[in-house]
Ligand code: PLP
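First, one chain by itself in structure tokens, the form predicted alone.
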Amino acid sequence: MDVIEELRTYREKDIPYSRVLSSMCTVPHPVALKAHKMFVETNLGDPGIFVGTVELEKKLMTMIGKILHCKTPAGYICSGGTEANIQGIRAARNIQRRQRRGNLNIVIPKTAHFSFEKIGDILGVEIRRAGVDGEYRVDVAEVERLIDDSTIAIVGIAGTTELGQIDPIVELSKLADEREVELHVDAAFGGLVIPFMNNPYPFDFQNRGVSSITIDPHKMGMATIPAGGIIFRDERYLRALEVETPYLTSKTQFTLTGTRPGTGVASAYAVLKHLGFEGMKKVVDSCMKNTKILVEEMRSLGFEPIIEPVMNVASFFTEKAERIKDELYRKKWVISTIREPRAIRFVIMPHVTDEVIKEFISDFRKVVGKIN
């Protein structure tokens, strides 16, 4: 068998995105694919060789900085939200530890992404979890109670993984400012949704206390994978991450990974440049419209959302979540579940069109009928 034919047999076993209603990734934009191919051999880990790719990344940081209301953005494109979150907290630790004592800690919402479990393990910081209110936003008063002389940072989420909820970043920013700790905002998903919504919530650097933001172009930015992103308020945070690199074309390196493909930079830049603000807004508007369609269909079947969707993520109460998910998977539909509260979860990405929703609901109705 020809190796390409062999590869095709494996690729054909993958479930196509058109059957996936659980992922925060999506089909890359056509212009992203063209850009990816053009930069496929580039390595940002050796900037003295790939000079143009480095310049392009700086332009992309400026572009994202404008979206996030930052005039002095400093950051880079990385493997994804996990790496970005690690780097955000690592920079906070390196800046703050000189003025802190005891075992260092960070305060995060209970709804934070599981990457913070890895952060605690890798960086050796204690993870303190604050509860949430009735709308599943972090309780700012509880965050304040958990801060002490060993706290280096607090974390807010702009687009929680399970519900798409936005924490009260404005209040968290004021708290971070008052207590002189860093505020990292995990907007891996919401960072390229919220700015293009009607009446967007001010989650970004327009809040003085925000130090760093995770924002992933390979999610709603429709860039090719991998294209995560970490953006800092200014260069000071990157300097706190630097290590010497004596054998490369640069003297220091602030990234977590060494070898780093330029494909994520090129594809992310291409999409944002090609679509512009209005084009991105149309994409987000379409996803929100289809989210509303899904909610209406689910309500007609007796399923109520945990919260009214804030963005294009919707979760619905059901004690039979796991069984529904398993039955749908047998029909090659992929959804996800939440343990607390028990629910089924959907992410309405650009590939989830109204036709996909119509087809899904038809099968969903059959599955529910069979289970009941």
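Quantities reported herein were computed from a predicted structural model and do not represent experimental measurements. One rule holds for the numbers: they count along the sequence shown, beginning at 1.
One more form of this protein exists, namely the form predicted together with the named molecule; it is left out here, but the text below deals with it.
Region of this chain that lies against the named molecule in the model of the complex, out of 128-136, 81-89, 67-75, 167-175 [heavy atom, 4.5 Å] | It is 81-89 that comes within 4.5 Å of the partner.
Could you work out which of 255, 161, 207, 291 is the residue within 4.5 angstroms of the named molecule in the model of the complex, going by heavy atoms?
-> Result of the distance check: 161.
Though the named molecule is not shown, can you say which of 93, 233, 113, 260 has a heavy atom within 4.5 Å of it in the model of the complex?
-> The option sitting close enough to the partner is 113.
Is there a heavy atom of residue 361 lying 4.5 Å or less from a heavy atom of the named molecule in the model of the complex?
-> Outside the cut-off, so no.
Should residue 188 be classed as touching the named molecule in the model of the complex when contacts are defined as heavy atoms within 4.5 Å?
-> Yes, residue 188 sits close enough to the named molecule in the model of the complex that at least one of its heavy atoms falls within 4.5 Å.
Determine whether any heavy atom of residue 356 comes within 4.5 Å of a heavy atom of the named molecule in the model of the complex, and answer yes or no.
-> Answer no; every heavy atom of residue 356 is more than 4.5 Å from the named molecule in the model of the complex.
Does any residue in 274-313 get within 4.5 Å of the named molecule in the model of the complex, counting heavy atoms only, and if so which ones?
-> Nothing in the stretch sits within 4.5 Å of the partner.
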